[in-house]
Each structure stands twice: as structure tokens, then as C-alpha cells.
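Just one chain is shown here, as C-alpha cells, and it is the form predicted on its own.
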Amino acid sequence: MTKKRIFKGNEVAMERLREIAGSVYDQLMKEEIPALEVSSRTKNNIVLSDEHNVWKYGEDVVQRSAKDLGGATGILRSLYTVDFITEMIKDGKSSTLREMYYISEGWNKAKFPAQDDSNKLAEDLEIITRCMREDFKLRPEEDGARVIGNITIEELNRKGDLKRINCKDDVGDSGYGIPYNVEQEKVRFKSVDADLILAVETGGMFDRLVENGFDEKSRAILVHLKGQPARSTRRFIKRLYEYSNLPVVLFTDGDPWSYRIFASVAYGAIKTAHISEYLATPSAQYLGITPSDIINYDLPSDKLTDQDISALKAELTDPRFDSDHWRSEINLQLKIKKKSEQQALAKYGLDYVTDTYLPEKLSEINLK
């Protein structure tokens, strides 16, 4: 049976959530129209943090005021959500974002019209409290990504006991599954025997590297990003980097959406810019596939769609891609009008990616 555990992060979250309710109460007692302020979550409000070297929200804020019906309903939902989260933490429970959306069905006029609205409110509460969703014990529906490599961890199991796991010897071919909460209270790193952390976008390529034994041959910790990586995956990579000081390298498809995957891991994403210092690893480097690779390795490719072209042009104005290297590669891709997948390397055989491509690409970058 699972032990009820309230960790320090949960206690801090409860205290700050109660401050939100207290603020609304105080405004009402002063006969003021209650309002809450939250950072504007737009690309125009993203700035580079000198302290953390990641992209954070700037000074632009949006006021959620009860001066109209929509604003009043939003504050009502906020208070119901604050109450739900604090009670859940006290009871030693956790909830998926989907469950919170359905629980609001019993909140009368405060019910959410769609899950996107409840997800955004959870993000607003993170911004206001400066806590993470994991401290609220809110978890996503999807399972975590996978890890294989010579790293030993201790994970708190359902019984409340620490279980030691080596992510090479104690797991099957699928690897160690990253839980939604990877903070110190849940997951502890005990030892790492490797030379680099290689984050891989697709499951097919992750499995190819595992089958070819790339983790052992190249002394690598392999992390499956599972497409756009979940917050827990980015946090795991960040914590592993801080523990081991190993270089972090990303291996993705060669398209604008994959470049954004890299940017989210290295510098943060717009949706989570308020916690970029916890999720992003600024030293992470992009390995490929690049537009130059499409030419140099004569890779099978597809024609860029109109959406791809629009995304590439948007990235030319994205501060996360503001470098000579990225401008050169993006402009090259717009010129050749091609994109390519990781699996296109199979043109040269199943061993080519581990025997030739990755060793060549790794030799070209500075692994600090």
C-alpha cells in the first residue's frame, strides 16, 4: 500500500496557493474588484536570463480581473483549483490533468469548458506561485520516456521504499521508464559511468542504437525524447547533467519541428518559460539531422510543406535560433526545400548510424 508522503515542495506549494486565496479574500474585504496577475506567455515576452542562460518570461503581465463575467469566472475556477490541489496534497493523492478537468464537472459555474482551459490554469498557478506542477501533484496522461545506459539510480517505489536500479543491467530492451516526478525526493542519482548523454527523438532510432549496442560501445547514456519531450524528460536530463557534468547531445529528425525539440531542451519552451531554469540544459548541443547532412550524406528526403516553410521562417525570428549556425542551416533548408528523418540513414544499412554517422558527427562537435 502506498504511504502518504508530503514533501517539502508540496508544503511550499500549498502555502503559496493559500496566499492566492488570501489575496482574493483581502481584495474582497477591501471592497476591491479581485484580480490576479500572470506573465504574458507569448514569444514577444521571452527574454534571455543572464543568471540561468535560458529563455524566461519578461516583464509583460496579463491581469485576470473580476470586472467582467469571464474574468470573475476565471478567478472562481482558480479558487476551486487551489482548494482541490491543497486537499489532494493533504490526502497524499495525485491527479492527472485529465482527472482535474473532469472533477471540475462538480464545480457548478466554475467547471472548465475544455481541458485546454484547465491545463492553462495549472500553468498560471505555476507562474504565480513559482512552484512546479509536480509540487501540485498534477501529472500528465502520457507515460515518460526511456533511458538506457550505465547509470544507477534510487527511485522511491509505491511502498515508500528506495529501490536501486541500474539502467543498463536491471532493465529490459525498453530501458528505464522516467516517472512524471523526477525530483530528489523521488529519484536520486547514485553513479554514472559514461562519456556523454545522447537524447534521441524517435523510438525507432532509440531502439536501433540500443540493438546496435551504441550505449556500451560509445559509453553513452541514451534518452528517448519521445518526440516533443515531456517535462519530466527535460527535467531528468537537466538533473543528470548537473549530477554528472557530461555533455548533452540531441539527435533528431531534420525538420523545423525537430529543431524546436532541441530548443525546448536547451533553452526552454514558451509554455514552460517560467520554469526554464529547472527544465532546460543550455550547454546541450544539436547533432543532427541537419540540412547540411541531407546534402553531405545524400539522404532520402521529402519536400517541405507550406507549414514547414512557415515554421522555418518563424524560427529565423525566434531568439532561441539567433546564431550564425542556425541562420545558415535554416536558410539552406529553405533553399533546398527538403527535410529528412533519422531513419533515412538506413539507406546505407542498419549499422551505418552507429558505425559511421554518429562517430563522424560527434567528432565534429566540441564535447565539453
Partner chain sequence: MSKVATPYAEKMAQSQKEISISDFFAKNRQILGFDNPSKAMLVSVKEGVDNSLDACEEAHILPSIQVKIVRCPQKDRFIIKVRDNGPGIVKKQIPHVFGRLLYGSRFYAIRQSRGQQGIGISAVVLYGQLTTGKPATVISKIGDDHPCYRMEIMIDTKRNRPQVLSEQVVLWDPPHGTEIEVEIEGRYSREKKQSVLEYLKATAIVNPHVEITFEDPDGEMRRFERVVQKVPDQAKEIKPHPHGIELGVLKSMLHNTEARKMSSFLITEYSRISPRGAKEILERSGIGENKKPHLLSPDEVQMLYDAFQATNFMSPPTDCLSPIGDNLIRKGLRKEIDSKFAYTVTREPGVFRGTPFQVEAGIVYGGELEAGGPVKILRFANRVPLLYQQGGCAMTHAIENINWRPYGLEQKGGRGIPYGPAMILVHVASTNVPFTSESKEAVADVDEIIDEITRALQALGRRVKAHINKRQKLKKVSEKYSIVREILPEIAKKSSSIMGKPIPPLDPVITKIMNIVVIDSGIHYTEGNSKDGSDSVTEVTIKAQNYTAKPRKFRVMVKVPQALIQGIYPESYRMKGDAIEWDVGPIHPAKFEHLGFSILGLAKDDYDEVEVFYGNLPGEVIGADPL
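As the structure is a prediction and not an experimental result, all values here were calculated from the model. Residue numbers count along the first chain shown, from 1.
Below: the form predicted in complex with the partner chain, not depicted.
Residue contact with the partner chain in the predicted complex: residue 72 places a heavy atom within 4.5 Å of it. When contacts are judged by a 4.5 Å heavy atom cut-off, residue 16 does not count as touching the partner chain in the predicted complex. At least one heavy atom of residue 82 is located within 4.5 Å of the partner chain in the predicted complex. Using a 4.5 Å cutoff between non-hydrogen atoms, residue 21 counts as a contact of the partner chain in the predicted complex. Across the proposed site, 99, 117 and 125 without exception lack any heavy atom within 4.5 Å of the partner chain in the predicted complex.
Screening 334 to 342, 53 to 61, 33 to 41, 298 to 306 for residues having heavy atoms within 4.5 Å of the partner chain in the predicted complex returns a single hit, 33 to 41. Listed residues 165, 196, 270, 76 were compared with the partner chain in the predicted complex; 76 is the one with a heavy atom within 4.5 Å. With contact defined as any non-hydrogen atom lying within 4.5 angstroms of the partner chain in the predicted complex, the contacting residues in 55 to 72 are 66, 67, 68, 69, 72, given in sequence order.
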